[in-house]
Each structure stands twice: as structure tokens, then as C-alpha cells.
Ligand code: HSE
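This document starts with one chain, in the form predicted on its own, laid out as C-alpha cells.
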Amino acid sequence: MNHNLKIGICGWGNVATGLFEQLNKSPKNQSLEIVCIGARRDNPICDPGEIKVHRDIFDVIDEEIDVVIELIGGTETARELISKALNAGKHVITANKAVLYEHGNELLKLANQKNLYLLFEAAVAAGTPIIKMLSNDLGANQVSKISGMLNGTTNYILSNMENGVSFEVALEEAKDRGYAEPDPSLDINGTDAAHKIGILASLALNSNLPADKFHIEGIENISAADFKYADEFDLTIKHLAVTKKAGAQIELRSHPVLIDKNSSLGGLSGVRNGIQINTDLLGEFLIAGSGAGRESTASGLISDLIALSKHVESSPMNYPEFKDIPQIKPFESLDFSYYVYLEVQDQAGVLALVSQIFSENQISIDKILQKDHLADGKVPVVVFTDLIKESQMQKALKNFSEQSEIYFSKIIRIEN
């Protein structure tokens, strides 16, 4: 049996207006009543009609409502709003992964203390269901690994680059379609995906929020040539965020990878998010869905509202305990195979120099390919290595940078 919920929305941007439209569109949502909106300014694309609008978002908390939906973004003001709402006896729903990542430990503990719920299905993968699945549905399972393409904007850009579109054009298309923010830097530099994998790691592996520092890398240095060379070996490039049990420690990382293009994650294109979960009882399985756009985010928010309306009969969320928190395994100690791209001087002996540097760092070469000259006369060299430690590769990159015959070097890790 559903219970009527009185709702206050804080924020009146793209996601908030998308939620407003979806709540008013479906008769299934009749038990969900928007009482008021906190908006510093009007949104010309959506008229809230007779619903009360507060210019001070904190005034929403004083209304006779059951739940505050925080959609203002950012961290510190959002943290204050969520804390005040919980202290005032209101449940909170948010799509804000940054505030959860930075202050999740504190805010979830406060919700527990107040016997209230802080729900955040839309904070990771928009409407693709993962948060309540990890929290509730997989309760009988031990999760050992989560690998995810968790940023729809990044996947959209990389998918278009694979089809020959430049990075700049693909980014502008993502903005035009509403997949990317006007300032997309957190998407492009890997931070958004890092926030999301941090949240998933807390639910699945009891890691802290915020997590200790871990490796975060974006897609700024990926080029069309990388896709061309990867395709020769039936590989593609994705941005992957990973958390994994590693004995008493855990892995946590967010960076581009080369991956089999016929794999379950490698085959996902456009704004689709994909999350692969490894468990003891169910084995390995994949969930996928749209990870960007206001409709998919509205889906996640409404799923939390529906869960909250049923919470008299069942708990909508089980929270991490935030005790006996595992340490994050140093990134330098992890093992990868690598794609290494070099631009070198066109002269005899350079390939021998490259091979010598690999040998001195005890790096075994799987394949080495010399490509056609670039327009400026430099010669591209592509190397695929066997499995080695990250620390070994970083030493080799440093050695490359010290050679006048080697103009440029970069790596992409290969995810098996």
C-alpha cells in the first residue's frame, strides 16, 4: 500500500523540471504531491503553475512536507540543506553524487540517527537501478568486484570518436543534446565517475565516504589514432571505474582502458552506462541503461519516491556501517598490461632504444608496431606489453621523457 507523500523540490534546473514533468505526466504518481519549490530564479522552459515557489531554498524545509528533493548540485550548500532537512524531520532524496561522495559518511549517519532516509538512486547511473540493488537486493551475496562505465557524457564522446568524430565535435554534440553540462570538466577528467564508484564501493565493500585518495584520470589525451590502433586487435577504448576486493584492502580507480570490443561493457555505446558486478552466489552479471539526460534521472528520483512511500512495509535502503573500513591498495602496486604510444625521431637505433628502456625496467613486450610517418615527420610506435606493475610502467615513462629521440609518450591500461 502506497502512502501519500508531500514533496518539496530544491533546485529548478534541467533535472528538477524533468522530474516535475514526469510526476505530472503519469497517473501512477498521484500519491506524490509537489507542495513547493525552492528556486532562486524561474526556469523559462517549465511553468510550475499554482505551486508555491520560495526564492530561499532553505524555506522549503519549513513547509508541511515529508521529503526534500535536493537538486541544487555542488557540495557545501547541498550538505547544509540535507543536514537541516534531516534535523527538521524530513526525508531527503538527492541526485547529487558529489555531496554524497564528500560527506556521505556524515549524512548517512545523521539519517540513521534521526530514523529517516537519505535516498540517492539517481546519483549513480541516473535511472539505471544499482543503488537499491546493492543495498537491498544483493544482501545475500558477497560482492567482489564492480566495474562500471559510469559517465554517460564520456561514453557518448568516446563512442563518437570511435566513429571518426573529433573530441571537440563530440563534446559539443553532447552539450547540445543535454548530456553534458555547460562546464563538462568533471565528466571529462574522470572525477564524476570517481565519485560514483566511491559511492558504490561504500555500499558493496564498506569503504569510506569520502574515500582516501585514489587514481583518477580522464579522457583528454585519447585520440582518434588510439581507436584505430586498438581496432587492429579487436579492442576499443572506454572510461572505466573499478572497485574490487584485494585481500584485506580494496582497489579503487577511475581511468580510460582498452577493452575487448565484443565484451559486455565494450559493446555499450552512446550515453549508456554499464555496470558489471561479480558476486559469490549469482556470479557475474551486467546491468545497463541510459546514464545521462533528465528523463533517466527523473526515473531514478521517482523510484526513490515510490520506495519511500512504501517504507512502512519495507526499508528502502540499508546503509554501510562505516566501521572496519578497508584501506585502498596503492595504485602503483596494481598489475596491468599496457598500450604504449610513442612518437619518435625517424632515425636508426630508436626502436632499439625503446626496447632497451623496456628491458631495463623488466617490461616484457607482447607486440611492437612501427606506423606510417606523421605529417611532421615523426614516427608513431605502438607497443603492447605483458602484465607488469604500474610502478614499472611509470619508471619507463620517465625514462622515455628523458630521451631527446622520443618526443611524446602515453599509455592506456588494458582491462582484462
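Predicted model, so just to flag it, every value in this text is computed and none were measured. In this text, residue numbers run from 1 along the sequence as written.
There is another form of the same protein, the form predicted in complex with the ligand; it is not shown, and what comes next is about it.
Practice problem: Heavy atoms, 4.5 Å, the ligand in the predicted complex: which of 145-153, 259-267, 206-214, 322-330 makes the cut? Say which one. | Solution: Selected range: 145-153.
Quiz prompt | Heavy atom within 4.5 Å of the ligand in the predicted complex - residue from Leu86, Val340, Ala180, Ile219 | solution = None of the other options qualify; the answer is Ala180.
Quiz item: Taking the ligand in the predicted complex as the reference, which of Lys244, Arg253, Lys90, Lys97 has a non-hydrogen atom within 4.5 Å?
Solution: None of the other options qualify; the answer is Lys97.
Quiz item: Any chance Lys196 has a heavy atom within 4.5 Å of the ligand in the predicted complex?
Solution: Lys196: yes, in contact with the ligand in the predicted complex.
Quiz item: Counting only non-hydrogen atoms and a 4.5 angstroms cut-off, does Ala292 reach the ligand in the predicted complex?
Solution: Ala292 belongs to the contact set for the ligand.
Self-check item: Partner proximity in the predicted complex: Asp304 to the ligand, non-hydrogen atom cutoff 4.5 Å
Solution: So Asp304 does not count as contacting the ligand.
Quiz item: Does the ligand come within 4.5 Å of any heavy atom of Asp187 in the predicted complex?
Solution: Flag for Asp187 set to yes.
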